[in-house]
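In the block that follows, a single chain appears as C-alpha cells, in the form predicted alone.
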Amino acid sequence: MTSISRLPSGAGVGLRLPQIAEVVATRPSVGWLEIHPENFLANPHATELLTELSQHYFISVHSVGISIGSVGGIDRLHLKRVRALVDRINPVFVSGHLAWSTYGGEYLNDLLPLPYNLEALRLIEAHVREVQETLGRRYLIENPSSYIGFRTSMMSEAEFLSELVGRTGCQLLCDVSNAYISAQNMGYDVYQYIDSLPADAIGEVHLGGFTVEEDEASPGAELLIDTHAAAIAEPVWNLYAHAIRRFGARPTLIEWDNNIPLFAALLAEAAHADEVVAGTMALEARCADAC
C-alpha cells in the first residue's frame, strides 16, 4: 500500500465549496486542507480548482459516502470514483467513518451507528480490506459521535477500533470532539477513552463544534449534537491537549460545515490548535527534564 513519507506541519482546515475560489485566489497560509470527495466527483470545475490547490497544499480526502458499515456492501462504483480523485490529487490521507449510510441502494443523509460485536467487526473488517485494496493505501477510520447504544454490543468502542486496526492494518482518525460528545451523551470517562485507543494507530485528529439540544427522551437533560456549526468548545480544547500528551503531535483538522464563517475564522481556530500543541509539547519536555 502507498505510504506517505511527509506529513503536514501545523493544523489544517476543512475546505468547502463556498470557500474554494477564495483559497485559490488568496493562497492563505495554512498547514493543509481536507475535502469531502462527494462534493467534487460531479463538479468538474471544482475538481480543476482542487487539482491546482493540490500543487501547493497537502490535501486530505475525507469521504462521507463509502459507508463501511452497510450490510448490503460497499458501493464499488462510488469507491472507484473516489480512487480516481485520489490518483489525481495524491492526498496525504484518505479517511471515512465507523458508520453506515446506505440502505437498499439509497444514500441516507446521516452517519448511523453500529453495535460493537463480532458480527459487525467481521463486516467492517471485510469492507476496510476492500477499501484499502481498491485505493492502494491505508484507510483512516473515524470514531463516531454517539447518541444511542446497543444491547448487543460486546465490547467498547475503543476495543472495537483497536481490534479493527489489528485485523486490517488501517489507521484511526481520532475525532476529539466526537469523543467528547459521545462521552457526555453516553455517560463515560472521555479521558479514559482517549487513553484506551492505540496511540501508534492515530494518523489524524479532528476538532469541530457541537450544538447543545434538549434530550427529548429525558426531559431536562441535554444532548450534544455534532453539527460542526460553531467554534470549538473549551472542554474539547482541554481534551485535545490530553490527546496530544497521549498520542504525540498529530496532523489536526478544524471542521466547520454549517453556518460557515469567514475563512479567517477557520484559520484562527487552526492557529489556536497549533498553540495548544506547542504549549503541551513544551510542558511535556519540561516535565521530562525535571524527571
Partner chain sequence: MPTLAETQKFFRNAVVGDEMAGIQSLIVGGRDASKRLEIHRRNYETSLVTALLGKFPATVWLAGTPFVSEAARHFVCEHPPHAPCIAEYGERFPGFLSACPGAERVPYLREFAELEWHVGHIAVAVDQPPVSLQEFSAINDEALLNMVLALQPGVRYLHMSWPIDELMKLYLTETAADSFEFSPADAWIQARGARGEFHMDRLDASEFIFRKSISEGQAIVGAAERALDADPTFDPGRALVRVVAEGLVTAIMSGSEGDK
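Numbering follows the first chain given and starts at 1. The shown structure was predicted, so the numbers you read here are calculated from the model rather than taken from an experiment.
FYI, the form predicted together with the partner chain isn't displayed, but the following is about it.
- Taken together, the three residues E48, I148 and R151 all come within 4.5 Å of the partner chain in the predicted bound form, as judged by their closest heavy atom.
- In the predicted bound form, L223 approaches the partner chain with a heavy atom inside 4.5 Å.
- At the 4.5 Å threshold, heavy atoms of G65 reach the partner chain in the predicted bound form.
- When contacts are judged by a 4.5 Å heavy atom cut-off, L41 counts as touching the partner chain in the predicted bound form.
- Contact annotation: D200 falls outside 4.5 Å of the partner chain in the predicted bound form, judged by heavy atom distances.
- Taking Y180, W100, F210, F93 one by one, only a single residue has any non-hydrogen atom within 4.5 Å of the partner chain in the predicted bound form, and it is W100.
- Residue-level contacts in the predicted bound form: of Q171, S196, Q132, N185, one residue has a heavy atom within 4.5 Å of the partner chain, and it is N185.
- None of 69-77, 171-179, 133-141, 188-196 except one has non-hydrogen atoms within 4.5 angstroms of the partner chain in the predicted bound form; the exception is 69-77.
- Along 192-223, residues E213, D215, E216, A217, S218, P219, L223 each place a heavy atom within 4.5 Å of the partner chain in the predicted bound form.
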